[in-house]
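One chain is shown next in structure tokens, namely the form predicted alone.
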């Protein structure tokens, strides 16, 4: 199976600051990948490199293309939704549809109009007359109507309320994704997207520190609520995180057996946000 994205020794410097530190990466088709990291970790730089929006050092192929020298060919097969929709405020909805139809050969006007029919957006309205949530819906409809193999979403629901955010991801999952497509999404609202992810990548200080399927995360990490009588035993197993709840300690372990965990106390599978916080210790200092 040909990788959608293949990187070897991917680096990017801004002066003396090393934003990406030799990343090696293989991403297969049919994945929904969460690229998660704190501010300044390298998420946006990595995405810009993948989309040919910045130069880089190392080897990088996206859908078989060199993003730096073959960006035009790449963008026939890939789409990007940024944290701020870039639609002109003066344009009417139907004019935006007509424009994209005229410039992108893989755009389906029928599909776009079907997606917009599920919203309250009036085709005659100007972008400036739409709420922020409606602008995101319009932007997503325009992008999802393009038969792209790769969709990159960089904080796509930033500033939207929880109803719009849930609707956004539900639409993405139900009306766009299939086994022939790959989606990469960055967000700080980790808890809201983990149910749609197939894979997760944590990036810290310009390096990938965790790359795993969601099933592997569930098998690898375990949380245990431990009473005072088992605290020393728990500490001996070297938990990667600890917090206190109602007088009991909750420890997060990486790689211990479920049998060992169950002997310490009540166990549960941690959420991605819990694993992220433990992995990123020191990243905000």
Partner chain sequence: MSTFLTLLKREYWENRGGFLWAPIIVISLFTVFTLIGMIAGKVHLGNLPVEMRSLPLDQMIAKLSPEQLQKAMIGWRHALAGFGLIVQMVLGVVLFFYLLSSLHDDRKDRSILFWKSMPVSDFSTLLSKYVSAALVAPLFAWVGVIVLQLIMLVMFSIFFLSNGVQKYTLLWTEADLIGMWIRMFVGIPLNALWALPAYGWLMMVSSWSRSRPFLWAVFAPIGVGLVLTWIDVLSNLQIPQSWYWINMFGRAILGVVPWMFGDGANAIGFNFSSDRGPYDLYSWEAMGSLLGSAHLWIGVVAGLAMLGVAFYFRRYREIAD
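Note that this is a predicted model, so its numbers are computed, not measured. Rigid core (definition): largest C-alpha set, two forms, superposition within 1.5 Å. Numbering follows the first chain given and starts at 1.
One more form of this protein, predicted together with its partner chain, exists but is not displayed; see below.
Note to self: Taking its partner chain as it sits in the predicted bound form, is residue 14 near enough to touch it, meaning that at least one heavy atom pair lies within 4.5 angstroms?
What the structure shows: Yes - in the predicted bound form, heavy atoms of residue 14 and its partner chain come within 4.5 Å of each other.
Notebook entry, point to check: Looking in the predicted bound form, any heavy atom of residue 168 within 4.5 Å of its partner chain?
Noted result: No, residue 168 sits far enough from its partner chain in the predicted bound form that none of its heavy atoms falls within 4.5 Å.
Margin query: Since only the chain is shown here, I'm wondering whether residue 124 would be in contact with its partner chain in the predicted bound form (any heavy atom pair within 4.5 Å).
Written below: No, residue 124 stays farther than 4.5 Å from its partner chain in the predicted bound form.
Margin query: Whether residue 43 contacts its partner chain in the predicted bound form should be assessed with a 4.5 Å heavy atom distance threshold; does it?
Written below: Contact with its partner chain, no.
Notebook entry, point to check: If you check 68, 61, 231, 248 against its partner chain in the predicted bound form, which one has a heavy atom within 4.5 Å?
Noted result: After the contact test, the surviving option is 68.
Next item on the list: Check each of 205, 98, 194, 113 and return the one that places a heavy atom within 4.5 angstroms of its partner chain in the predicted bound form.
Entry: Filtering the options by heavy-atom distance leaves 98.
Margin query: Heavy atoms within 4.5 Å of its partner chain in the predicted bound form: which stretch in 196-204, 142-150, 179-187, 209-217 meets that?
Written below: Looking at the other structure, the answer is 142-150.
Next item on the list: Decide if the three candidate residues 80, 87 and 102 all line its partner chain in the predicted bound form, where lining means a heavy atom within 4.5 Å.
Entry: Yes: each residue has a heavy atom within 4.5 Å of the partner.
Check: Taking the rigid core as reference, does the Cα of residue 127 move 2 Å or more between this form and the one not shown?
Finding: Comparing forms between this form and the one not shown, the residue 127 CA shifts at least 2 Å.
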